[in-house]
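Given as structure tokens, the chain that follows is alone and in the form predicted alone.
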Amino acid sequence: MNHKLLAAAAAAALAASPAAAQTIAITGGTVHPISGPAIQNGTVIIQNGRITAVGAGLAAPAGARVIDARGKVVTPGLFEPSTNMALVEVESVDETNDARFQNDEDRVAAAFNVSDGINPRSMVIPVTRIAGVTTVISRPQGGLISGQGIGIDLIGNNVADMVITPGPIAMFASVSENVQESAGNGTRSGVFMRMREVLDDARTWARNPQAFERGETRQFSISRLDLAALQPVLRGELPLVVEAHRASDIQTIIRLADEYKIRLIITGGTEAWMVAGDLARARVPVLVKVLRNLPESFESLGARYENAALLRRAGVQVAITTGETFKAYNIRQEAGNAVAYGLPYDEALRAVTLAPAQIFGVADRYGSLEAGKVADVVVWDGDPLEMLTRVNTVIIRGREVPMTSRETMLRDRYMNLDENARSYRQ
């Protein structure tokens, strides 16, 4: 690739940092506020990065940039709740992977916070946001306790500009088969035994941390930093997002969360539909990847497309995730397939906007089109859950972002290439 293209792609990655958010009026479209019924001939007014009004037939403020959305659909920006966005650039190149804290002996990395590894210039960001995804939870991966994830808007030149909460948004862990060998000596019971040991250590440390510093306590199985990092989880201030797939594993982690009074979120949940009643009674939300219907392992023998619909029917709060980084833009495809397999349309839209915002405690600012909320808005040329629908406009924090990415630039570069021209130029 020539240097000019690289520079242009980098500029696109940096994008969307105009000096100040505009006053914008999106008029005439079918507006899906998510928090209420669709509004025909609706208007969304944005000022200073916030939504100031949503309704039918509203007048645009003087001097506003008017976006004509007649014949189009307006929704909140899509919210991907489980990805390694801005942490992994090339999956097969370890040097570009900042999502995994490599510590094979001690599979607990509670103190590991991904925020210092976020790359606002990641080439994955532009291709994701021009597909209508405006907010993500960027999470660590690997190990029994992977560490702390953060919520970011896909705009800004540094992580401080991007984060949606001042600190970590959740602690991430796994009790799935991928940690059995390292954390459980090859057994499920070993995994949960180790999890209890870690939580017991953290609870004991909290009673008298000064005694630990003086060397007057028993030896703990995890580091001082990890002990301290787990305190917000034990106090119920920070949710614990646990990857679990087999129905019995989900039931076990529900019991453990109740035992330690932990705010639990299940991610993965391939067989969650089999224990939907348990999840509903415990009020545990689930992050579901809809397009997982194959028994890829012994913990996912019950995989089926109807997972999200069956969970919702049982009263479980459901958010949809791709579980992807490079293909996080497929989240609307996941939602569309959930509709095809029984999830009501409005619920599917909610599952990629307001539901994840509620699950992670930011619904006061994200997930719906309401006055006072952060202006993350997308204009589509049709049904957003149809794959052939195109995104016309993406607005993040009141800023209209350029509809370019490295991929669009490569497309434009080679689409009408002169056959006599050299592919590469200096």
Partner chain sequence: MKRALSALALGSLAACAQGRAAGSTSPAPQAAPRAEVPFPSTYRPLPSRTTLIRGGTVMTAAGQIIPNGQVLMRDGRIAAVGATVDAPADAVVVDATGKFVTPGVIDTHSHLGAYASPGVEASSDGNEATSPNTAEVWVEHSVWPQDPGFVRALEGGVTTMQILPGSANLFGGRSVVLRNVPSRTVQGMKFPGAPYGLKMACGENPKRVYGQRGGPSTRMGEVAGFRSAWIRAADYRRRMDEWDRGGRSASSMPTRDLELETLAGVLRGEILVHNHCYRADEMAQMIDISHEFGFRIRSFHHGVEAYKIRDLMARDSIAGSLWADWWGFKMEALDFTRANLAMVHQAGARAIVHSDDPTGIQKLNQEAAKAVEAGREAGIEVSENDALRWFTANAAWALGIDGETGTLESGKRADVVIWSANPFSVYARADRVYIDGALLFDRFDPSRQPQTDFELGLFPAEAAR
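Note that the structure is a prediction, hence the values are computed from the model and not measured. Positions refer to the first chain, counted from 1.
Beyond what is shown, the protein has a form predicted in complex with its partner chain; the following relates to that form.
Relative to its partner chain in the model of the complex, residues T27, A64 and D153 are all farther than 4.5 Å at every heavy atom. With its partner chain left out of view, the stretch that reaches within 4.5 Å of it through heavy atoms in the model of the complex is, among 226-234, 291-299, 138-146, 204-212, 291-299.
With the partner removed from view, the residue among R313, R196, R304, R121 that has a non-hydrogen atom within 4.5 Å of its partner chain in the model of the complex turns out to be R304. Its partner chain in the model of the complex comes within 4.5 Å of a heavy atom belonging to R390. Taking the partner from the other structure, its partner chain in the model of the complex has no heavy atom within 4.5 Å of any heavy atom of F112.
For the chain shown alone, A160 is not a contact residue for its partner chain in the model of the complex, no non-hydrogen atom being within 4.5 angstroms. In the model of the complex, at least one heavy atom of E91 sits within 4.5 Å of a heavy atom of its partner chain. Scanning 42-64 for heavy atoms within 4.5 Å of its partner chain in the model of the complex gives no residues at all.
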